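Single chain ahead, by itself, as structure tokens, in the form predicted on its own.
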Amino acid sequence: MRPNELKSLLETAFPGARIEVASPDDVHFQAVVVAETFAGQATLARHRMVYAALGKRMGGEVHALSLRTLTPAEAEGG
């Protein structure tokens, strides 16, 4: 899977989110997801939301995913 494909999946799951995805080899990914929907959610819950959006791709097409999940306020330092 290419980074732009993963980004597209996340954009569908988190409309209006700011998303950055990088990958050195198309199986190990780093993603930053900035979404208002994360407000009031613990880090683990946020990550589970992302994993749920990717479904069975996790562990398959996406072998590893390093995540940074933030609300817009957190991303701006507030």
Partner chain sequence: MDVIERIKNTLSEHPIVLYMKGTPDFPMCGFSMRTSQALNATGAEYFSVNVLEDPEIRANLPRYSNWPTFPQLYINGELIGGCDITLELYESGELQRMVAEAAKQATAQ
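Residue numbers count along the first chain shown, from 1. Since we're looking at a predicted model, the values are computed, not measured.
Same protein, other form: the form predicted together with its partner chain, not shown, and the subject of what follows.
Asker: Given its partner chain in the predicted complex, answer whether the residues H28, M58 and L65 all have a heavy atom inside 4.5 Å of it.
Answerer: Per the other structure, all of H28, M58 and L65 touch its partner chain.
Asker: Does T37 reach its partner chain in the predicted complex if we count a contact as any heavy atom within 4.5 Å?
Answerer: T37 lies outside the contact set for its partner chain.
Asker: Any of the heavy atoms of T43 lying within 4.5 Å of its partner chain in the predicted complex?
Answerer: Heavy-atom contact with its partner chain at 4.5 Å: present for T43.
Asker: Using the arrangement in the predicted complex, list in sequence order the residues of 30-54 with any heavy atom within 4.5 angstroms of its partner chain.
Answerer: The stretch 30-54, when checked against its partner chain in the predicted complex, contributes T43, L44, H47, R48, Y51 at the 4.5 Å heavy-atom cut-off.
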